[in-house]
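This document opens with one chain alone, in structure tokens, the form predicted alone.
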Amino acid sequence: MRAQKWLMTILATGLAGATPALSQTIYPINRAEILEGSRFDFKVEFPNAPTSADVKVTINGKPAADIFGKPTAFTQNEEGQKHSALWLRGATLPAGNYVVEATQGANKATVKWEVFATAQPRRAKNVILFIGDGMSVAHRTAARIMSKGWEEGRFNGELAIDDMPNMALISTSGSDSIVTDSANSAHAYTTGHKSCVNALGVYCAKNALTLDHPKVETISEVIKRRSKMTIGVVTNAEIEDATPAAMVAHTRRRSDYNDIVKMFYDVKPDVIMGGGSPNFLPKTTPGSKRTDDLDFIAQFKAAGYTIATTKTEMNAAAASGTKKLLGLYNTSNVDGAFDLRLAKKGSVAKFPDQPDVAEQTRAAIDMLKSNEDGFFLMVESGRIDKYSHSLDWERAVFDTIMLDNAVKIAKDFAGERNDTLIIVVPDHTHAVSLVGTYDDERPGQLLRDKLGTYADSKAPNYGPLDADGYPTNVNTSRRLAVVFGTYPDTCDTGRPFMDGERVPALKSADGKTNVANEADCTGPLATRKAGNLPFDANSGVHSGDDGILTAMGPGAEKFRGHKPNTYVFRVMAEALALGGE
């Protein structure tokens, strides 16, 4: 009888598991935290293409146009699709709490926003945001062991990224998924809004074209519009890649590199450094990746920028007092510290005079610091992530040490000034752990025979450190055992890849799935591993684990406990007092 009653209840409530009714979608989304006076596109999408007479939108009980002080626009069958849309581009709001209701017949959708003010006077003159792309706890721990040493349970020094007074756990989920990509996670830091995978500076609506989605203002745009501060963007990835692009871009598709270059030109950060030169060159130039005749090298020159293509040129520009620099040091990503210093692989032979992230940071600060109104500098160590995707942990950890050296330069600049907020944070994490050490002296012929855990995890015997804290030999008899939790079919060797970045898997004969790279499967300790990722994966993937944020300077005390990634934007905006009409 009870089962029959349960069944009747299910039938009466509309069949559990049936497709839910479509509902209105409001952008910005529910629980958005919006900087007072920052610009955003307000959009409501209505399913089934109703007319304007069939819908109603209110904010705090009043017509939306009354609250914004501007008329909204309504489009039935937007872009020929089966929905209608109400828009207001470039909306702003004063501080307060807002309830937005969109009514269509009997259906009502509701979202709530908090528009926050920022107190005056401004607390920080400068903000330096360091992003270790994909940097996880194991990267930090391994970097500390490799660059500081370990003895009798204690480290022989602290990393600059660890030695800060404030710390918080940062969660990085996007609006559409638990595990983020680098685009919408960096977007959270630079806009304060959540968005979806592959999105930069936009919410993910139904628009067909990638540049038409509802936009939200980036911190670079707010700073340029409201202050005389200077801005720097530094990375060792391609400058159009997700994290640096998040400083300026508005696109639903992070791979819109040609559009992103134009967006860099539109915003004009004062210092721009990274790789990725082909998207700046007109299509008639050999090696160009543009599809038009625009020459952004020439346009930046005409706008007063010095162009640098090598470390020598970068240092000369900084020494000469240059205030505007476009530095493009590689046609792709700038090589990481492991190849620049030790292995000399990657593209080092082709580009022998590339600066590393620490050297770029020093030059950027030298060029920005003379501005009496202060500066905002974003620095990314982008290849921690890329090397973690390829399961090449030694290269990832070398780039963690490089990030640490860059942070030390910033801390030395900040010194006793007490006017510079420094934040170090990953945009997401990887499933990576330090589980012991491999010791070639242990008996047995298999890689797992060489793994020492617990009492057998003895200190590694890496070569002596160079002046910048990098071990000069990592292919030694006792090495850290760092393992990844996600991988395709692959083979482990338990040794660093001295002949070039690891390629864990290759495309199979069917052209769709991936198989282990047999080049890694024939060495003395090579161990074949069946992948735990879908068969179309050829590398490791991001994790949804929290990241560690450390910070110092005015405003840093607000970082404690657990925070969402959007909170980083809020702290920076409050420190710089960026709010206001």
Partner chain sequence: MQQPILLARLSRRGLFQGLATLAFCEAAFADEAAAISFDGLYKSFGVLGFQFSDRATSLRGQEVRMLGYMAPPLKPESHFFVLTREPLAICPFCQSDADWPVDIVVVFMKAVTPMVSAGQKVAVSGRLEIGSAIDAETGFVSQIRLVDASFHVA
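The model shown is predicted, which means the values in this text are computed figures rather than measured ones. Residue numbers count along the first chain shown, from 1.
Here the subject shifts to the form predicted in complex with the partner chain, a form of this protein not shown in this document.
Across the proposed site, 68, 84 and 108 without exception lack any heavy atom within 4.5 Å of the partner chain in the model of the complex. Contact check for residue 194: every heavy atom lies farther than 4.5 Å from the partner chain in the model of the complex. At a distance threshold of 4.5 angstroms between non-hydrogen atoms, residue 231 is out of contact with the partner chain in the model of the complex. Contact check for residue 78: no non-hydrogen atom falls within 4.5 Å of the partner chain in the model of the complex. Although the partner is absent here, residue 215 sits far enough away that none of its heavy atoms falls within 4.5 Å of the partner chain in the model of the complex. Residue in contact with the partner chain in the model of the complex (any heavy atom within 4.5 Å), chosen from 95, 434, 137, 297: 297. Proximity to the partner chain in the model of the complex, defined as a heavy atom within 4.5 Å, singles out one entry of 443, 286, 415, 464, which is 286. Heavy atoms within 4.5 Å of the partner chain in the model of the complex map, among the stretches 215-223, 113-121, 289-297, 356-364, onto 289-297 alone.
For the stretch 331-357, the set of residues having any non-hydrogen atom within 4.5 angstroms of the partner chain in the model of the complex comprises 331, 350, 351, in sequence order.
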